[in-house]
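Single chain ahead, written as structure tokens, the form predicted on its own.
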Amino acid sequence: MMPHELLKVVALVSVGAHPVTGRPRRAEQDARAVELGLCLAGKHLHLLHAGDAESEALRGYLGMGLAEMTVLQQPLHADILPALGSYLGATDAQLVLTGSQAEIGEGSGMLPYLLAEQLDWPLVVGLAEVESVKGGVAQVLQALPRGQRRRLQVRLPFVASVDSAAPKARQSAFGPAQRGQLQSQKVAVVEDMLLSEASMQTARPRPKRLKVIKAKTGAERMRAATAKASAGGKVLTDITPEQGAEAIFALLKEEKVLR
């Protein structure tokens, strides 16, 4: 759809981390939220960040073609939800776009849910596209598993977390990024007691599940058995428990359940 200047859209952005080097950068899904906001409101899109105003990574969003960003000053272990809720509740925002979860820090993905609850607004999860806005009602597409889409109608204002199926973010230009302004505001700070007492560790890949063959008929079971055998399986008979354990261990490593 064409940019709608009268639509008040706010995109919440955070500092991301490169998946290999870990260096600060714009967050991938937050950048998609900004891209979707630009499609909806053009240069009237309002960028909002709660955190450190000194992070140069935030300028990556300004380099997408926006002149300024509002930064609510918050220390590292602060609970940013009250600050965001108070700020948005006092504005005339009609649509708040977020990523699905942060790339650094807690990264629980709960912010869109808690923010919508505090504002008492509807929440759309997995937003892929906003098709139209008419009469205070938006028609949107929600991304579902396996490439499916669901069309929804939701009344403004509402909060939406953007899915990876949304349009890919445009490149960030260095010149506009440096010319853009970070408008810092001092707001009340609420300490996140849970986060201050928690210990952080690097997330690990989830274990891979073995493929379970679900066959209802004898013919299906036969096809599954022959397919498994042709893939390199073997039948072990008259072996010791140690040999059986070694075979199971080798299979788990082959299926990449164990590393």
Partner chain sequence: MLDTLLPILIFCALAVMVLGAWRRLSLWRQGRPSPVPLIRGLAAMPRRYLVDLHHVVERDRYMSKTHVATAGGFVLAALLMIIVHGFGLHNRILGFALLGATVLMFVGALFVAKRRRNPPARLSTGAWNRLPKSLLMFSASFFVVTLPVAGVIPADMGGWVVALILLIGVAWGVSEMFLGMTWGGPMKHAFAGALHLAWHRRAERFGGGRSTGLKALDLDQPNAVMGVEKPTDFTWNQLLGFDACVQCGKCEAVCPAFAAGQPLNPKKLIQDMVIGLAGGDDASFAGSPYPGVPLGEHGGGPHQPIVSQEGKGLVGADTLWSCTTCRACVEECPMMIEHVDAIVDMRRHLTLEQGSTPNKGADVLDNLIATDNPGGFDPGGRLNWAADLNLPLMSEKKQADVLFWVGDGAFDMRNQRTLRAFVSVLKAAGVDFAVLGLEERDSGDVARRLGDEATFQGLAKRNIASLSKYHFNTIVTCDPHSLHVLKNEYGELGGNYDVRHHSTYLGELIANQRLNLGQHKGGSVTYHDPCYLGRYNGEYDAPRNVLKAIGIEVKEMERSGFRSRCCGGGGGAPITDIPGKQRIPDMRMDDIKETGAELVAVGCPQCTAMFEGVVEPRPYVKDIAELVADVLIEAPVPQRSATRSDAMEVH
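Note that the structure is predicted; figures quoted are calculated from it, not measured. Positions refer to the first chain, counted from 1.
Although not depicted, the form predicted in complex with its partner chain is the subject of the following passage.
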| task | Classify residue 173 as contacting or not contacting its partner chain in the model of the complex by the rule of any non-hydrogen atom within 4.5 angstroms, answering yes or no. | result | yes
| Contact of residue 49 with its partner chain in the model of the complex (heavy atom, 4.5 Å) | no
| Using 4.5 Å between non-hydrogen atoms, is residue 179 touching its partner chain in the model of the complex? | yes
| task | Indicate whether its partner chain has at least one heavy atom within 4.5 Å of a heavy atom of residue 186 in the model of the complex. | result | no
| field | Heavy atom within 4.5 Å of its partner chain in the model of the complex - qualifying residues of 16-42 | value | 18, 20, 21, 23, 26
